[in-house]
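Heads up, the chain below is alone and in the form predicted alone; it's given as structure tokens.
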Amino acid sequence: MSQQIVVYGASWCPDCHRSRTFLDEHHISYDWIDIDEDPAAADKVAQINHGNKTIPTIIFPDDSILVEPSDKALSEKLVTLNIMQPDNKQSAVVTHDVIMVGAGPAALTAAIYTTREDIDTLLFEKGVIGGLAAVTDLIDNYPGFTNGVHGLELADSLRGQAERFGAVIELGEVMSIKDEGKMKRLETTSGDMLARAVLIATGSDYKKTGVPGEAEYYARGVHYCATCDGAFYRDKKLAVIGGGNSAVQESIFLTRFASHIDLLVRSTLKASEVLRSELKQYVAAGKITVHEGVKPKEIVGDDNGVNKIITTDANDKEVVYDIDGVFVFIGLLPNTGFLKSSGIELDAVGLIKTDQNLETNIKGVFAAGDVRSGATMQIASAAGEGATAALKIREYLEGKL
């Protein structure tokens, strides 16, 4: 039996990056094997995952396996194996000047500003540091990068800058926020904590189509992140569902791997003129075929994964596409489920309502980025809102707001 943890992954995989960061931060040694550089390792991962090269795949000294684990699941496994000591919740509740929920561009930018002014700042992130930006292949509209910037690179830079000034990022989850007057109580996976001010910057998650087969074949042919999973489909046929900027942009990215892509658009293309112009080149080259007025009906597969998608066209006629995988890009949903009992006001779609100071209806609780009602859902504006929120938080802490 191996005495070492083995992590199978790839350099382009954000979840692999997150798991490695967790292990590094807890000073746990492991062997890293890049499946892009080791065909035998790629075959082993496929064998473990019933034909799918799902990563990270982590093998432990007792031969147990975790696939794409959350940090919580990874922590529990390490504690069970006595590789890591459990976090003992302190009897005294820890207090911070500001706790930021989320660690995407909005929160990381805010943390740069607060920590530079010696405001004690803690960030909680339950997923990937950098948020959805970290799993975007190329960000071409963020100011200051002539040739664009890879999402993971931007996320790492923002994180490094915030930590350089003293921000602390904890991989964990905030389950609830309660207003206790001058202090806010946060129930977290590390125990209850108190903060003088809170910034909610939890961003959004991917919308689902809800058709039969989508949930059943998640990560076995159905995906929501081209950067994470596109490389598994070299020389394969794919369907992309969606007609906005993300669907077009990610379809173009997927042409690096796939032999052909059917872009399935429910109504008509709504992508920007720039992206439509770029898309025409790939259509002309036979790499992408655009199908408008198409609605997904069912995703079909077998033990090996997805093999077709059944749709209906504009005339309600059934059309079947033989494919090897499906990528869904139909919009985002705000990550505000944990606020249900908080008393924080949300709009009709679940986004957080704020005033001109980015403050919610609860004094001392602010929101910024894609989770805020009225946000433009752009990385650059999320960073800008993070900076504004930080300045307003400083004013609040100084009693000026």
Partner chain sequence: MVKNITIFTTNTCAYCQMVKTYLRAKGVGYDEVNLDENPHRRIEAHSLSGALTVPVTVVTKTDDSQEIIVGYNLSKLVPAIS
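Residue numbers count along the first chain shown, from 1. These numbers come from a predicted model, not from an experiment. By rigid core we mean the largest C-alpha set that fits within 1.5 Å across both forms.
Below, we turn to the form predicted in complex with the partner chain, even though it does not appear here.
Chemist: Would the partner chain be touched by all three of 54, 68 and 223 in the predicted complex, meaning a heavy atom each within 4.5 Å?
Modeler: Affirmative, all three are within 4.5 Å.
Chemist: Hey, in the predicted complex, does residue 50 get a heavy atom within 4.5 angstroms of the partner chain?
Modeler: Within the cut-off, so yes.
Chemist: Residue-level contact is defined here as any heavy atom of the residue lying within 4.5 Å of the partner chain in the predicted complex; does residue 234 satisfy this criterion?
Modeler: Yes - in the predicted complex, heavy atoms of residue 234 and the partner chain come within 4.5 Å of each other.
Chemist: Quick one: is residue 219 in contact with the partner chain in the predicted complex, heavy atoms, 4.5 Å cut-off?
Modeler: It does: once the partner chain is placed as it appears in the predicted complex, residue 219 has a heavy atom within 4.5 Å of it.
Chemist: Any of the heavy atoms of residue 188 lying within 4.5 Å of the partner chain in the predicted complex?
Modeler: No, residue 188 stays farther than 4.5 Å from the partner chain in the predicted complex.
Chemist: Within 4.5 Å of the partner chain in the predicted complex, heavy atoms considered, which of 328, 134, 258, 299?
Modeler: Answer to the contact question: 134.
Chemist: With the partner chain left out of view, choose which of 152, 74, 252, 158 has a non-hydrogen atom within 4.5 angstroms of it in the predicted complex.
Modeler: Looking at the other structure, the residue within range turns out to be 152.
Chemist: Among the candidate stretches 312 to 320, 134 to 142, 277 to 285, 112 to 120, which one is within 4.5 Å of the partner chain in the predicted complex when only heavy atoms are counted?
Modeler: Careful reading of the contacts points to 134 to 142.
Chemist: Just to make sure I understand: among 118 to 140, which residues lie within 4.5 Å of the partner chain in the predicted complex, judging by heavy atoms?
Modeler: Contacting residues: 126, 127, 128, 129, 134, 135, 137.
Chemist: Classify residue 47 as shifted (yes) or not shifted (no) between this form and the one not shown, where shifted means its C-alpha moves by 2 Å or more with the rigid core superposed.
Modeler: It does, since the residue 47 C-alpha is displaced 2 Å or more between this form and the one not shown after the core fit.
Chemist: Would you say residue 392 moves its Cα by 2 Å or more between this form and the one not shown, aligning on the core?
Modeler: Residue 392 C-alpha, core-superposed: shift of less than 2 Å.
Chemist: 2 Å or more on the CA of residue 375 between this form and the one not shown, with the rigid core superposed, yes or no?
Modeler: Residue 375: C-alpha displaced by less than 2 Å between this form and the one not shown.
Chemist: Using the form shown as baseline, tell whether residue 50 and residue 310 are closer or farther in Cα-Cα distance in the predicted complex, where the change reaches 3 Å or more.
Modeler: The answer is farther, because the C-alphas of residue 50 and residue 310 separate from each other in the predicted complex by 3 Å or more.
Chemist: Are residue 49 and residue 320 closer or farther apart at the Cα level in the predicted complex than shown, by 3 Å or more?
Modeler: More distant in the predicted complex, by 3 Å or more.
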